[in-house]
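Just the one chain here, laid out as structure tokens, in the form predicted alone.
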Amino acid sequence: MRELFALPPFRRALIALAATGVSFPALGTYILALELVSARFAVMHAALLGAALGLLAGIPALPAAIAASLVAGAGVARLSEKSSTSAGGALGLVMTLSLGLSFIVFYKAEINAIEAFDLFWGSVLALSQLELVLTVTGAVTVLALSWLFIREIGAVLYDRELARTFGIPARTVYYGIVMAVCLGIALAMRVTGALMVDAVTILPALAARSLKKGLKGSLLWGAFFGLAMNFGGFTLALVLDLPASPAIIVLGAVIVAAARIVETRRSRGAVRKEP
């Protein structure tokens, strides 16, 4: 084990797992509250378009993908704001448009699509120094904004119109939440792979949500569960010689199920004690 700590990729992996484990479950809480579950698909396709344009301009894929994801986030927030419902329809529009434009760029510019699609096959052990810096910076930003504006975020998650009546800049906060979600998903893609973004976002949030502790409690428990899933799954992968991301997501699913069972039993016990 000591030899592993001497390897830069291993140390970068541990830092990325700690950063995403603490902060990205907050994004899962926002995704669930605002019904942005389909956001990960839209952002994946927007990130693919950004990576394609980045390769065309000679820019590293991840920074270009992040920029495209933030632009997509602003567009999604704008479109969903007009509909007074969830952003699901707007996300579908962003997803299909991004995919179509990506393949036009591949075709017309004769770009090697495999290089852009590398973003989809993320691995925590394959992070470069630049990707680690971007991941940690994004994680710290999400964590800081979540705690600095927890009151405003809580009000917007509960009811945007009601938040506005209390003088909270609901529109600005909503835009910020959606764009933070898009940023986090773009970064998580590189850490876990596009198909397993839920491992560091939604699964810890689901476990925390089952405990019914309110927004602040959900953020704290989400961070706890996120760290447990990330490091527990990573350890499991090392011991059993498994790929890291699938091990994290399987352990996460087990933890979610366990948290729900514990809370259900606690609730039943409380009901039985009532006179």
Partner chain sequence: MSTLLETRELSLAYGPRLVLKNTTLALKGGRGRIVGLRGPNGAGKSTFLKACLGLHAAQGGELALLGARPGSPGFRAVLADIGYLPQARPAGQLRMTVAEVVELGRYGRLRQRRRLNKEDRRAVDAALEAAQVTGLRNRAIQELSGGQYQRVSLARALAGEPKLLLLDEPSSHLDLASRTTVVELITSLARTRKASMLLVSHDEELLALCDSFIDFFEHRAELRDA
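Positions refer to the first chain, counted from 1. All values reported here derive from a predicted model rather than from experimental measurement.
Form predicted together with its partner chain: not shown, discussed below.
**Q** Is there a heavy atom of residue 175 no more than 4.5 Å from a heavy atom of its partner chain in the predicted complex?
**A** Close contact is absent here: in the predicted complex, residue 175 is far from its partner chain, nothing within 4.5 Å, heavy atoms only.
**Q** Counting only non-hydrogen atoms and a 4.5 angstroms cut-off, does residue 152 reach its partner chain in the predicted complex?
**A** The answer is yes: residue 152 has a heavy atom within 4.5 Å of its partner chain.
**Q** Do residue 166 and its partner chain come within 4.5 Å of each other in the predicted complex, heavy atoms counted?
**A** Yes - in the predicted complex, heavy atoms of residue 166 and its partner chain come within 4.5 Å of each other.
**Q** Give a yes/no on whether residue 162 approaches its partner chain to within 4.5 Å in the predicted complex, heavy atoms considered.
**A** Yes, residue 162 sits close enough to its partner chain in the predicted complex that at least one of its heavy atoms falls within 4.5 Å.
**Q** Tell me, please, which stretch of 207-215, 246-254, 220-228, 54-62 lies within 4.5 angstroms of its partner chain in the predicted complex when heavy atoms are compared?
**A** Of the options, only 207-215 has residues within 4.5 Å of the partner.
**Q** Counting any non-hydrogen atom inside 4.5 Å, which residue from 237, 32, 44, 66 sits next to its partner chain in the predicted complex?
**A** After the contact test, the surviving option is 32.
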